[in-house]
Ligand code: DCP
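Read the single chain below, which is given as structure tokens and is the form predicted on its own.
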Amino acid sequence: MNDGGLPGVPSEERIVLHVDMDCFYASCERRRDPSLRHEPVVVGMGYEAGEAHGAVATASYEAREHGVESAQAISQALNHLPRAVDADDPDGAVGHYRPVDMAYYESVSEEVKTVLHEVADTVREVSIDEAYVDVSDRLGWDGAPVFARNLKARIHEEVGVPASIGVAPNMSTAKIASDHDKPDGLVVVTPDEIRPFLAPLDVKRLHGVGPVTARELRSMGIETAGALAQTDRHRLVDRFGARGGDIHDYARGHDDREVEPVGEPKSLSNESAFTEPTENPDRIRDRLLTLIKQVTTRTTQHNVLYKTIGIKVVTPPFDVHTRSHSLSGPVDDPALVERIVLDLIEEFEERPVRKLGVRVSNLSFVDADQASLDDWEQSPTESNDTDGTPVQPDGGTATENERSRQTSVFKFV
């Protein structure tokens, strides 16, 4: 066990978290309809209720137990797991099929990534359902398990979807760790545990090893990451070129890639949930003022200007409403943000509120003339009321990565 210092003391070793949302589309559907919890859920791309066309985008673990798999034709999935209305056996297993609702899934993803940006300065958003977080400047290794456990709990409590988290000294190992104990897993691999953790794994689990490369490695008598790590490096480079050296490094637990954000953010936001929905105007105002301070402190620190100021209001059960106001030009003015946010929230007086968010968008990262303080009063207000269907946020791609469960010598926490 590597003594990484006291909890909360920054580590000399890199500490990387890979956060991977479990069966994300299905989890989002369960958040929207809690009666689906523990039921087989199939989300279909191109699927329509009552029809048999389209393909499986994701299937819950319960659905997979009946032979339903990602990329499978819906018609084939229905043969394995019929809908209730189509089932011949009323006592047999049935699936709950839903069409893909990308706008909703992206909105939930945005909530998760808002949490990640609140707990770490360095976040690399990889896709709609996964991200890397570097917390090396915040923690020692002794504090990493508690931090990851608290992050998992916060995502579950505030967003309402499960996540698996892997913690390791580098990106490639952290990703493997997050897949290792799905669903709802947490695996920590310290620097001293990295080689015994990787050694028994099938080579296909390594970053950069696809099905074709895995077959070629097996033809060379290399089945596991441990065997790959012990293989002569020159032999691998001769066979695979520079990539051979990379996968040799990954098998030995070496990965020097830094966790770097992808592109400039399109918005900055903070969100906060109440333990129970509240109609108390003082509690709502106080929470908004805290969120405003958090957001505007970040914009000022990073010299960011913004043209759009908005709020998100979540009312029971999980109905999401957004309101925003665009200015005539970019500003960095916390007082103006407060004026607009408190004006926008008035529409929700005497309504129970589960969660609040404050966002600034249409960002500028270069010096620019600021708009006049009063220009916003002449600008038209943008409104977005989703009536229970969250609006689509900026950006996002749709990929999901869920793999099988294994065991080894590393630490489950």
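Quick caveat, the model's predicted, so the values are computed rather than measured. One-based numbering along the sequence shown.
As for the form predicted together with ligand DCP, it is not shown, yet the points below apply to it.
### Query
Is residue 182 close enough to ligand DCP in the predicted bound form to count, meaning some heavy atom within 4.5 Å?
Yes, contact at 4.5 Å.
### Touches ligand DCP in the predicted bound form: residue 70 (any heavy atom, 4.5 Å)
Contact check for residue 70: yes, within 4.5 Å of ligand DCP in the predicted bound form.
### Message
Is residue 17 part of the interface with ligand DCP in the predicted bound form - any heavy atom within 4.5 Å?
### Response
Residue-level check for residue 17: no, no contact with ligand DCP.
### Query
Taking the shortest heavy atom distance, is residue 348 within 4.5 Å of ligand DCP in the predicted bound form?
Residue 348: no contact with ligand DCP in the predicted bound form.
### Which of 33-41, 55-63, 356-364, 340-348 lines the interface with ligand DCP in the predicted bound form (heavy atom within 4.5 Å)
Correct option: 55-63.
### Query
Mind listing which residues of 131-168 have a heavy atom within 4.5 Å of ligand DCP in the predicted bound form?
Residues within 4.5 Å: none in this stretch.
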